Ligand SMILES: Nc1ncnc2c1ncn2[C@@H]1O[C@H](COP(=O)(O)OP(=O)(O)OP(=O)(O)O)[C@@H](O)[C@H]1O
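Next comes just one chain, in structure tokens: the form predicted on its own.
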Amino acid sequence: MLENNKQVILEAINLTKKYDDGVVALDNLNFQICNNEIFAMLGGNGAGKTTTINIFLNLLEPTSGDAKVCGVSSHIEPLTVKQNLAYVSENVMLYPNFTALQNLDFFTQLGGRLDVSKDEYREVLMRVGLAEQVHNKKLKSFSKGMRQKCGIAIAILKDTKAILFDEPTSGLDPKAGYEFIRLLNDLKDEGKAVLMSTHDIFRAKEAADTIAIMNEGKFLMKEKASTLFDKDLESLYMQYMAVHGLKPTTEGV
């Protein structure tokens, strides 16, 4: 039973994805993410993390099962679902010849918000860690980490109930990674549900409420982060790989 102030925002129900060549990308996956919660998926390349996110975004359709956002199936009512979802990919695709402010303005209006002021754009860019002196610089001069911050700013401005992150700390230096964790906690406190795929074991343990270790489309482990506080998550990952007869490597984790 959920607490009175809890609402299930993201839900996977027996979520399965099989390709025509017989490859099973997701195998009967089940989880729930409520408001004020961060759920982190750990796993190697090909584990099924990005496939899971893509089904929620309706970039892929499930073979069976369901991915729901606020109770609505992503593959049945995708337009309704997208109103409640924001997404930040590992390689943020923005316009390189636009400035940071121009990118924010373009994508925010494209998302249907026409009421955002320039001051609000500046505030959110500062919030994600982009100094004011770069707001009017073109993105082609930005590092990968700086582009990532722009993508996160756009996701914040969309003001949705859920945010999906695919490898959000990729390309961030340690200081920016620390700032990102603080930002994640702020988003959680604002009531967002966050689904995050990551290779960063240490950031996952630091930020997430629930951590899942994933391989071949299944969760080998799904635990509350509070129960893992005094455990070595990297060693735990390798143990799960060994128990399930898989190569105990942290490559791509």
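Heads up: residue numbers just count along the shown sequence, starting at 1. Quantities reported herein were computed from a predicted structural model and do not represent experimental measurements.
Although not depicted, the form predicted together with the named molecule is the subject of the following passage.
- Using a 4.5 Å cutoff between non-hydrogen atoms, Gly191 does not count as a contact of the named molecule in the predicted complex.
- Contact check for Lys68: no non-hydrogen atom falls within 4.5 Å of the named molecule in the predicted complex.
- Looking at Glu179, you'd find every heavy atom of it more than 4.5 angstroms from the named molecule in the predicted complex.
- Within 4.5 Å of some heavy atom of the named molecule in the predicted complex lies at least one heavy atom of Ala47.
- Contact annotation: the named molecule lies within 4.5 Å of heavy atoms from the stretch 49-57 in the predicted complex, the single such stretch among 49-57, 220-228, 201-209, 181-189.
- Contacts between 6-25 and the named molecule, taken as any heavy atom within 4.5 Å in the predicted complex, involve Tyr19, Asp21, Val23, Ala25.
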